[in-house]
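Here's a solo chain for you in structure tokens, the form predicted alone.
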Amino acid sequence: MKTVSIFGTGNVAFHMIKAISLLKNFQLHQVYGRNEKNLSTLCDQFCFEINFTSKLADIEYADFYLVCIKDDAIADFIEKIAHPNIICMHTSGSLELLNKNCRNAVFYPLQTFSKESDLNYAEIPFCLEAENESVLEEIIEFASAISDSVHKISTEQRRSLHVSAVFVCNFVNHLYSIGEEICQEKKVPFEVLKPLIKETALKVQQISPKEAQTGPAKRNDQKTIANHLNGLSSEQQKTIYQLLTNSILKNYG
């Protein structure tokens, strides 16, 4: 049985621990976090015993090191833990394939992670990159044990996916937040919008987003657009509304 050690205490680390705990041929060996309090809190969330440490000197050998920390710290951290015989993988969507004293790889799960969410790991796309075919074969085996959606991609492709993910996930969620603010201002329950949110997400599973587009900007309904802008109380909301409206108008001529 191959062993995996996790480095990090955030949302990605939480779900990778959970995913690995479900596997038959891969075993969680150790979890590292530099903040002892955060590490202890993380490990307490699981019903099984975890070998964890907050000391670099106590990090043990494993077949795979999965580094789930913020992008700015990844390169320096892997340099500290690198070992020529260990596959060190980072989970960043934007960082390049590193060249450290280890078997270098990228193990990028394309999903939004929150500890409160119950995810189906078999549906999560894992985007993989490695320094050579031997390492790639091993991480494909590992990723395939978790997910049915495993993809070999280049750094450039992964970065493009990451930017796309910001548009379809992070930016969209921010727009949800703006919609919620507008509802709260007028004392309308945000729950009224949830069926619309759900249908919009379901629609793009069947047709392309360009085909799915509806609304006043798509129809070039200038009277409605003007009414919307006049009704918004925040200049920031007006700026975002106008920017997106102009983009849609341009997209559909």
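The model shown is predicted, which means the values in this text are computed figures rather than measured ones. Sequential numbering from 1, following the sequence displayed.
What follows is about the form predicted together with a further copy of the same chain, which we do not show.
Only one listed stretch (36-44, 184-192, 23-31, 52-60) carries heavy atoms within 4.5 Å of a further copy of the same chain in the predicted bound form, and that stretch is 184-192.
Put simply, residue 240 is close to a further copy of the same chain in the predicted bound form: some heavy atom of it is within 4.5 Å. Residue contact with a further copy of the same chain in the predicted bound form: residue 170 places a heavy atom within 4.5 Å of it. At a distance threshold of 4.5 angstroms between non-hydrogen atoms, residue 180 is in contact with a further copy of the same chain in the predicted bound form. Within this chain, residue 226 is remote from the site of a further copy of the same chain in the predicted bound form, having no heavy atom within 4.5 Å. Looking at 158-175, the residues that come within 4.5 Å of a further copy of the same chain in the predicted bound form, counting any heavy atom, are 160, 161, 162, 163, 164, 165, 166, 167, 168, 169, 170, 171, 172, 173, 174, 175.
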